[in-house]
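The chain below stands alone and is given in structure tokens; this is the form predicted alone.
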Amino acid sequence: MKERNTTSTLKRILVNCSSQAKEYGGCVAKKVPEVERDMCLKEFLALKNCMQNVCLTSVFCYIKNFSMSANASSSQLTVGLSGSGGLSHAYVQYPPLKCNLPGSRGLYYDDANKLLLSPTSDQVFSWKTVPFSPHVAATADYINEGPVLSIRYSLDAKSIAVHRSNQEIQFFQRETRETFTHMCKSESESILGFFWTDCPVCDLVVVKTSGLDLLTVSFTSKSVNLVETKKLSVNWYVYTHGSRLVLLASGMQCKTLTGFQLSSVGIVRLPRFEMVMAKSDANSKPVLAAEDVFIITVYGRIYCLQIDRVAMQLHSYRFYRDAVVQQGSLPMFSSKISVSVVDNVLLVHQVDARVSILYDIFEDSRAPISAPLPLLLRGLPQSHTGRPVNVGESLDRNSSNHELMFYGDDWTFLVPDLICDVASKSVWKIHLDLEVISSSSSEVPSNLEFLQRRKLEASKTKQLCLAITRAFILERRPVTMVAKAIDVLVSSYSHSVKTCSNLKETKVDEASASVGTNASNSSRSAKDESRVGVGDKSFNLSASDSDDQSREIDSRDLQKSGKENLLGAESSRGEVQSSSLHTQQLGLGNNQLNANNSERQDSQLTSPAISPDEMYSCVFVPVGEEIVGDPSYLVAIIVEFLRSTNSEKIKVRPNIYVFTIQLLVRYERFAELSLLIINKVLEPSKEVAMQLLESGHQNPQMRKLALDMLRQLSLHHDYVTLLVQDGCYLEALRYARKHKVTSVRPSLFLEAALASKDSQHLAAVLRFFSDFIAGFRNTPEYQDYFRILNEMNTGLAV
């Protein structure tokens, strides 16, 4: 069966990718025999993407057929639970945040303040979603009765704006409950929506069918003042506060888009661009809807994703200062698509097929991380875990409301990582199961690269990386493969040290964004942008506060022109204080709420980077305890680790050198140990020298190497002491005189000379210290040994 499936997949590849294979083969044939790196790279990547899409389609068809067979015996798809054998790369945790209030008129999400809002006839209730907690208490504010099309709190949390109709927006001051209304001046235009902004020229942006109105709001005069109007025809718009980017659609097919970015440092108008839309026939003109466009921020870079239902593809666009560039397309296996972003991982939800596909687009790769799988439900009470729960089945049989319907029609995916179930008035948060994701691939270096780019649950991610590395070594994989994995970890740690991301600090997500440099730099690979993937170094519309690198690059790039000088790395700084005020006034907790930050920014997290000390204590020592027999393999791995740390200029503590010596001495591998010492693979230190001395009982060469190391390190006191212990006290005296070593006790030399029973040696030692140490003749120590010397001389005379 497996051979038949493999042959079938290979046939599909040959049929579907014949043109790409022909182009690649032709390119290679032209350049052979001159072979060079990245030869025919463009053609190769096209062939690779085609083959991956064919393989992904095969996997998807298998899952779809399996689901259909399951539906034949059951009217609903079964959802696996934790403890019932379920497996998925992403999951939601039970219980959800319940927002089911009497008289509720719907749920609205305020992405600027990370609040879930539920208006009633005369109040609006708000729940804090950062940090996400199913037990968070709601806060109420009074509003007037009336229709609600949308509702948002201001960034300073002092007022509320309610979109009442296509002509009216009503404002409420929370403290005084004062209210006033803003109306469209012309009946020929309609209000499509609005959003608050931290732009220095305005407080509020109203999107109308005739363009954008930039407004200032004053409760003192109860007025809204027009600052500027951006005139253009608008059919619909898409906006996210995290990117500060608004896209305005125009044209008969709504596929012509104009973008404006309004951040705390100014306003930038992006170039107009058209989205790609396939036609089912020559005369068809498909119309693009707002629900088919998503703005996401991944690794500090702002993308726009567009659904093409005819081509069944999800097109990706990336924003640059002077252009909007299409980055490629992802396959669609469902007519209904939604997206989420969890810890910089893109989740494409194939809603009709009830599966989600994960992508890590750090290197602009269009290959999925793993096979399509449905979301998993975890954390159900024990009473529910005795059997699987079906899609659409109520978890609470005493309730008429459906608490959970996986991929149901009432599901709304809120970017970046929330799911709103409108029917049950519940909100779920999406989590990644990094352990399952990493176990789905055997490419350990790639797995570690992926894990090291994750910032949520950094402690768990670090432990997972350590466990993978230990297992990789214990399986005795080739040293070259293990070396690649180690290089990934060392490079990640080096980068985290340079950017101080390993220290506890408040992290900034894909929030405040600023315009990067020109699209001409887009040919640079993602590896050139960042060593580990914590930001965008040199170009695009990017989240400027996502890391220190972005701040440095933005501040340098934005010195190029007067207008660009407005756009820098401060696009989120002005909001920290106001958002904190919002949190305090709403009474949603004592933690600071940054309007720029997603959920993880309210908790202080550390980097998953692994330090050399952690590699020693959590990898090398445990592996050394389990390995039986010849230690050469583990020593070779440690040497590769030392090579990698040396190339990154990372200081390694002596404990790992001492451990290596112990391994080699245990199995009497003195020749290899001598080479490591002589070639300074094991760096000289007092701890290393002392370990060599301890090994010198079995091999005199080790003791000699230890003494030489102490002398090279100018550890004169230790060197002299060891010479005396070896009985070479006269040589020790000469060394002490030459290097002026005064810290060694004279009694140590005198006792050694006395033990030799040679009166001349004892006399020489006494004479040395009498000349070398002022006042030594007056010490009791001198008197005692001088008396002993006289007794020895008297005995010899008799």
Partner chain sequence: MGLASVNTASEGMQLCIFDLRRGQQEGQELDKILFFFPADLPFATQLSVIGLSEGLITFTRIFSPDAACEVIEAERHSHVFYEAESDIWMVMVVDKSKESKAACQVDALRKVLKEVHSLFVLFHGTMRSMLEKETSGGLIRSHLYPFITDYLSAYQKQSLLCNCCWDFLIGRKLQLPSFHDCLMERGTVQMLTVGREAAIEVQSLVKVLECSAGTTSCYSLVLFQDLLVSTTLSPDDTISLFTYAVLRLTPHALSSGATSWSYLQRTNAGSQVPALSTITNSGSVSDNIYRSRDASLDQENNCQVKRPLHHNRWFRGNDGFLASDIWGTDNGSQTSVTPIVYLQLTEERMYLCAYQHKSLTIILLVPVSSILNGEQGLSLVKQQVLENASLKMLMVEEKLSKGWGGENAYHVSGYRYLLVDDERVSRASPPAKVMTLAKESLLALSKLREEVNLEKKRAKCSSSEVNCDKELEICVRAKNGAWVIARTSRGKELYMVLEKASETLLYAADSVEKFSNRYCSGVFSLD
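Owing to the predicted nature of the structure, the values given are computational and were not obtained by experimental measurement. Residue numbers count along the first chain shown, from 1.
We do not show the form predicted in complex with its partner chain, though everything after this point is about it.
**Student:** Taking the partner as it appears in the predicted complex, which of 416-424, 211-219, 710-718, 234-242 has residues with heavy atoms within 4.5 Å of its partner chain?
**Tutor:** Looking at the other structure, the answer is 710-718.
**Student:** Which of these residues, 686, 498, 666, 704, gets a heavy atom within 4.5 Å of its partner chain in the predicted complex?
**Tutor:** That would be 704.
**Student:** Consider the chain as shown here, without its partner, and state which of 299, 127, 657, 91 has a heavy atom within 4.5 Å of its partner chain in the predicted complex.
**Tutor:** If I apply the 4.5 Å criterion carefully, the residue I get is 657.
**Student:** Check, residue by residue, if 354, 463 and 475 all come within 4.5 Å of its partner chain in the predicted complex, counting heavy atoms only.
**Tutor:** No, none of 354, 463 and 475 comes within 4.5 Å of its partner chain in the predicted complex.
**Student:** Taking its partner chain as it sits in the predicted complex, is residue 435 in contact with it (heavy atom to heavy atom, 4.5 Å or less)?
**Tutor:** Residue-level check for residue 435: no, no contact with its partner chain.
**Student:** Is residue 731 close enough to its partner chain in the predicted complex to count, meaning some heavy atom within 4.5 Å?
**Tutor:** It does: once its partner chain is placed as it appears in the predicted complex, residue 731 has a heavy atom within 4.5 Å of it.
**Student:** My question is simply whether residue 471 lines the interface with its partner chain in the predicted complex - judged by any non-hydrogen atom within 4.5 Å.
**Tutor:** Residue 471 lies outside the contact set for its partner chain.
**Student:** Can residue 632 be called a contact residue for its partner chain in the predicted complex at 4.5 Å between heavy atoms?
**Tutor:** Yes.
**Student:** Can you tell me which bits of 635-653 touch its partner chain in the predicted complex, meaning any heavy atom within 4.5 Å?
**Tutor:** Heavy-atom contacts to its partner chain in the predicted complex: 635, 636, 639, 640, 642, 643, 646.
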